[in-house]
Each structure stands twice: as C-alpha cells, then as structure tokens.
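Quick heads-up: it's one chain on its own, the form predicted on its own, in structure tokens.
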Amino acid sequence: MANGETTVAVTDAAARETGDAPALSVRGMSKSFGPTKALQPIDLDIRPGEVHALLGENGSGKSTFIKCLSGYHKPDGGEVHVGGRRLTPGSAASSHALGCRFVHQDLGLIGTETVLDNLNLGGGYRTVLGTIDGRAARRTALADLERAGVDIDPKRVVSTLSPARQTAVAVARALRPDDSGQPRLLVLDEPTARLPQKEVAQLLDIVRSVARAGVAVIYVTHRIEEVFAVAETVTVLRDGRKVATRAVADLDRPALVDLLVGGELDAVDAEHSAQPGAGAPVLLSVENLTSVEVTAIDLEVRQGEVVGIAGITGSGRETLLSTIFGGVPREVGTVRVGGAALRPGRPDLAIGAGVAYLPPDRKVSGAVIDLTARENLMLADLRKHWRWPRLSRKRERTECAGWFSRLAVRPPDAERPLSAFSGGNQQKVLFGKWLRTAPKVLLLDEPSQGVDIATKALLHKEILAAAEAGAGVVVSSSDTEELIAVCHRILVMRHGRIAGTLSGKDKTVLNMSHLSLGARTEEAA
C-alpha cells in the first residue's frame, strides 16, 4: 500500500464467512478536474450493517468520493460494486438501482407539507381507480418511519418537527424500498452539522437503527466525538488520498486527530492567552436590550476580551448578536460601541462604528456566493483600494494574496467563485473579509460550524489574535467545547435572558448545561 496507507481487512473476510458480498467495494476510484487530482486511486470495503465514518479536512476528497458513488461525477478510473453488482460509472440511475441512497445537509424537504407528502415526494402515491389510497399510504409511511427508528405522525407538517426528526424523515424517505429493490448503502453527509447538541444523540440512535436493519452507512462528519459514539470503522482522506482505514476501537482522539491533520494539532486555550485587564476600556456595552427573542440583556465586552454566548435552541442565543448588530429590530435597549450609541436597525452604521458581524449561515446572509473569493474578501471595505475613478484591481489582488496565505485558503485562486470553494475555505474568506477591517468589536455567530478540525483550530487562533490586537470579541456557538477553548467568560442564556456567567474553572460543559436548562442558579454555578 502506497503513501504509508494502513487498512483493516474487516469486510472481505466477513463477506466470505457469511456468503454475502460487501455492501460497497471500491477499487482504484480516481477523479481529476483539469490538473487538480481531487481523488487519488482509492480502495474501500464496507460490509452490510456497518457504520463507516468518512473523515477529512475540507477539500480532502470526501465530496468527490460521494459524488462519484451517486453518479453525479464519472470517475476517471476504477470500479465500484454494490452488493456484488457493478456500478455503471457516472450513472445516477445505476447508483439508485443498486441500492445507494444519499441524505445531504440540505435535506430536500418541503417544510410546509406533511411528513406523508414528503415521504412520497418523487415516487408518488399509490392509487386505486385514479384515487389515492390514503390508508395504504399511511401504513407505508409508518413502516418507513419505523425503519428509520422514529415514531412520527405522518400528518405532522415538517416545519413543526425538531431538526433531528426532520433528518429522520429524510432518512426514512431515502430508505423507502422501490421497484429497484432494497437500499443497501446509506450515505449521510454531515447530518448533525446544523443540529443543536441535545438532538445529536437522537440522530445517532437513528443511524444505529438503520445499521441494525442491515444497511451499510457511510457517515461523514467533522465531529470526532460522533465517530467514537456510532462508527465501527473510520477512513481518513487527506489531499485526495486515503491515508488510513482503521477500526475505531483501535484509536483514541489524539491518534485520530493525528491521522486527520498529519501531525500534532496546536489547539488554543483562552486561559493561556493574554488576559484582558480589569481596567481595559469597554468597547461594547449593551443595556436592557429587548427584541422578539431576547429580554433585558445587559453585557459589557472589554478590549482584548473574548466573551461567549451559550444556550440551547430557542434560548435567544441564535438572535442576540444579530440584534446587537442591527439585523433584528430592537424593541427597547441601548447598544454602545466605544461609548457612542448605535441606532437600531442600521447595520451600515454599526459597520461604520467598527462592528463586524459574521452570521451563522454563510451561503444565505454571510456571502455573495456567486462573486469571486476576492470580491467577497474586499466587500466590507472598498475604500482602501479606491483610486479615482475606479478600484485598483492590482492592490486588491496583492492584499487578497496576503490573506489567502495567512488563512491557508485552498486552492489559492482568488478569482474563482466563492461557491467553488469548500465550506471551510469559504469560512476562511469571510473571516478575512471582517478581520481586514480591523474591527473594534467582532461578533461571530457559529464561527466554526461545518468546518474541519484543522480549519477550526486556525479560526480559533484568529479569534484570540484579534482580541490580543485590541478588539472585543463575542462568540455565539452551540459548540460548548469551542466556547470553553476561546472565551474568557461565557454568558449562558435561557428563555431570552442571561441565566449566568461562567469563567475560569467554572467554564465546563456540565455547568453550561445546568444553567441553560435551569437546573442550577448562577450562584450555585
């Protein structure tokens, strides 16, 4: 095996013992886009009922591999067999007919329709004499949902379900048998990326239920803890190559991180960084801030300080920063930056006062996804390169190259549309967009959502570097470990209010959970 690759022969032997072919057998699959080798020749076997985690940094080849399995891309070489039958390269119909099913981050559900309608989306209802057989449709829907390990009323409107149960509906639809036969392989692409932490366990139970039914699962995630919770085997890709396939039982977290990044990861710790002094000037002051989802919020952020905002979904955490920035209307309250009051509902004036806001959804509100990476990077401040009567493209490119180098954006082609970059590299560009404005106050909503572990570490370093350079930083995140790592203080929200403040040794997941659920008062914490 080339390039130091190691593997565990767990599938072929099992297949010979049971007389069954592997659910998936890949030999020599490769794919290039022009001169870029997105996927080097890869071998992989997955047995029926196995949960196989697929890991790698953004741009490692995971998406290319999945798109080759689905028929979206035609591989340059190699063979794929599903249940012993050969997959026709580049054919989505062949992939489906052989039993490959896919659930992406965008679940493809219609929120305004019922679960029943969504389950029948694409396949249609069974009819009798031209009329929908409602009873049969309901029975089939209940069987579909049971197959996915959930009990949901098919008449429920999808938008009323929790994120985890919406994902369950998408899984149930993917596993529905049809004329092509039974599903053999389910690919889950970042299924928990947008789930609140309390619902992750529900989703993992669904994955286990699917595997118990004999369906092989490829589980793509950036969350290492989920690998140890649900997977039997893990394959790691790096720069388009398979560097290892290992039994999860033979690994611990440091060993898996080492496989992912190719060396020791230099994680940050706010407690070891420069601490803001008690007399440091207050850069952000919020008094009695009230909007639709937050009530009477008071907080201060000093120069050089990183303050975290924690809380479960619906606590107000998701809208607090946007309210401060002016994106969500205030009912009452005052926001001051450097002592000067900000007018409500005016993000443009907030930017002018030195406030930068990175929203949680980069594709909807954080970026202009069809513009180039350079244009997105420069968008927050065009004045720097204005040379009457036009912008200096040369100066833009020079500055852009510096940011690409500093943030390790890959590929280093700033003239590509931002949509052509992986999610982690898009996030790096958006970080650079705001960091280049040298903000007084940096508001970050879910800053590392959906990025790989190496990118996450890099962004964390940039957060602390911004604070050390004199900014006041506020980080709102559903990732409790992230808050503990980068924040000097953590404000925990519950029912739209701040339930407590944690600092020093009190910054623990347990304390955050107790405060967010109301199981402990601030004094007890």
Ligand SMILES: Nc1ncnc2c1ncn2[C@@H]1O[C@H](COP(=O)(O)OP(=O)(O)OP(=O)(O)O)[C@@H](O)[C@H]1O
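Only the largest set of C-alpha atoms that superpose within 1.5 Å between the two forms is called the rigid core. This one's a predicted model, so the numbers in the text were calculated from it and none came from an experiment. Quick note: we count residues from 1 along the sequence shown, nothing fancier.
Here the subject shifts to the form predicted together with the named molecule, a form of this protein not shown in this document.
K.L.:
Which of 482-490, 496-504, 459-467, 36-44 has heavy atoms within 4.5 Å of the named molecule in the predicted bound form?
P.N.:
Only one stretch qualifies here: 36-44.
K.L.:
Although the named molecule is absent from this view, report whether S209 comes within 4.5 Å of it in the predicted bound form, heavy atoms only.
P.N.:
Result no; S209 lies far from the named molecule in the predicted bound form.
K.L.:
Test of understanding: in the predicted bound form, would R416 fall inside 4.5 Å of the named molecule by heavy atoms?
P.N.:
Output for R416 is yes: heavy atoms within 4.5 Å of the named molecule.
K.L.:
Report yes if any heavy atom of P411 sits within 4.5 Å of a heavy atom of the named molecule in the predicted bound form; otherwise report no.
P.N.:
Because a heavy atom of P411 falls inside 4.5 Å of the named molecule in the predicted bound form, the answer is yes.
K.L.:
Within 4.5 Å, heavy atoms only: does G71 come near the named molecule in the predicted bound form?
P.N.:
No, G71 is distant from the partner.
K.L.:
Select from the listed residues E190, E396, D117, D76 the one whose heavy atoms reach within 4.5 Å of the named molecule in the predicted bound form.
P.N.:
Comparing distances to the named molecule in the predicted bound form, the residue within 4.5 Å is E190.
K.L.:
Please identify the residue among A201, A401, A420, A92 with any heavy atom within 4.5 Å of the named molecule in the predicted bound form.
P.N.:
Partner contact (heavy atom, 4.5 Å) among the options: A420.
K.L.:
Using the arrangement in the predicted bound form, list in sequence order the residues of 427-451 with any heavy atom within 4.5 angstroms of the named molecule.
P.N.:
The stretch touches the partner through G450 alone.
K.L.:
Align both forms on the core first, then report whether I66 has a C-alpha shift of 2 Å or more between the shown form and the other one.
P.N.:
Shift at I66: 2 Å or more after core fit.
K.L.:
Once you overlay the rigid core, does the Cα of H488 travel 2 Å or further between the shown form and the other one?
P.N.:
H488: C-alpha displaced by less than 2 Å between the shown form and the other one.
K.L.:
Is Q105 one of the residues whose Cα moves 2 Å or more between the shown form and the other one, with the core superposed?
P.N.:
It does, since the Q105 C-alpha is displaced 2 Å or more between the shown form and the other one after the core fit.
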